[in-house]
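Okay, so here's just one chain, in structure tokens, the form predicted alone.
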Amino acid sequence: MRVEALVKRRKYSLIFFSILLVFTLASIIVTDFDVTKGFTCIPKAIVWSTKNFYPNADSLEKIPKILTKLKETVFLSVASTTVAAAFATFFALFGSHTTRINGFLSILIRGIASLFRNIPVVAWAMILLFSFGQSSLTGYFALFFVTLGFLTRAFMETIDETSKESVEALKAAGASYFQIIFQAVIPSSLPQMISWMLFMIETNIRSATLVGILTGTGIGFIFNLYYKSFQYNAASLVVVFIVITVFAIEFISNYVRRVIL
């Protein structure tokens, strides 16, 4: 029986990789991608980056301006995430199978959360450009909607996984809906919810850089400005600060997770 299961697993794996190989070859043919040229260009790209894409003495003079834009990007990411987390908590309580008060409302919230989460942040930014133009508000709402969808789904799953037994116990004891929420659901789910929120702050800092190129704001805008004006040394300095910031935020997030979990 065990041998048959192993043979069946290998058979399905072979089928999967065969289908994947067919799709890969079809994609190469449709897009006219030259695989050989693609790989041979890598050494040339490394050489060009070594010669042009590095900070120099002149680019160091732009550090104050870069830091100002970087601060704007970080604050935008944190603000959009924390506000979205507050709304997501409210929606998750009504969308979760454990704490929902209406089946139709729960399905509606899950559907909206899936829609918001599955529309890429770049698509949100392009849609909102028509309403708000190139401004920080456009970037804020683009990050907010994606974060709201993601955190709503994550919070609902967290509530369903961590609060089910305690909720059933309080219901059996005759506790009211709000007593269940504040005495069981929030305390048991809060550490994991904070962890998800910290994860989205890290993600949104990276996403805000890309959104900034479209909206003309933040660190993304100044990188695009330097790159298009052939100031590659300054553009590389922007990248260095982005990487440092992402690592710093990740270090802080991991420390907070170790403390609360």
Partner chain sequence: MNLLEIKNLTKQYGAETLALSDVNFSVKEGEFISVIGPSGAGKSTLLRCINRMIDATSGEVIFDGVNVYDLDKKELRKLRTKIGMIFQHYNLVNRLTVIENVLHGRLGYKSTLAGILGRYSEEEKRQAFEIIEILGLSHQVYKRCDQLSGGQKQRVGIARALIQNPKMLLCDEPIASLDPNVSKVIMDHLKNISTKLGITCLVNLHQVDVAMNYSDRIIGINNGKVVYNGPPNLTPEQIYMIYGSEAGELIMDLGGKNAS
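Positions refer to the first chain, counted from 1. Keep in mind the model is a prediction, meaning the values are calculated, not measured.
The form predicted together with its partner chain exists for this protein as well; it is not shown, and the discussion that follows is about that form.
Colleague: Given that the partner is absent here, does Q134 sit within 4.5 Å of its partner chain in the model of the complex, heavy atoms only?
Modeller: Looking in the model of the complex, residue contacts with its partner chain do not include Q134, since no heavy atom lies within 4.5 Å.
Colleague: Would A184 show up as a contact with its partner chain in the model of the complex if we use heavy atoms at 4.5 Å?
Modeller: Flag for A184 set to yes.
Colleague: Evaluate A169 for contact with its partner chain in the model of the complex, applying a 4.5 angstroms cut-off between non-hydrogen atoms, and reply yes or no.
Modeller: Close contact exists here: in the model of the complex, A169 approaches its partner chain to within 4.5 Å, heavy atoms only.
Colleague: Hey, in the model of the complex, does F130 get a heavy atom within 4.5 angstroms of its partner chain?
Modeller: Heavy-atom contact with its partner chain at 4.5 Å: absent for F130.
Colleague: Please identify, from 169-177, 108-116, 121-129, 77-85, the stretch that has a heavy atom within 4.5 Å of its partner chain in the model of the complex.
Modeller: Of the stretches listed, the one contacting the partner is 169-177.
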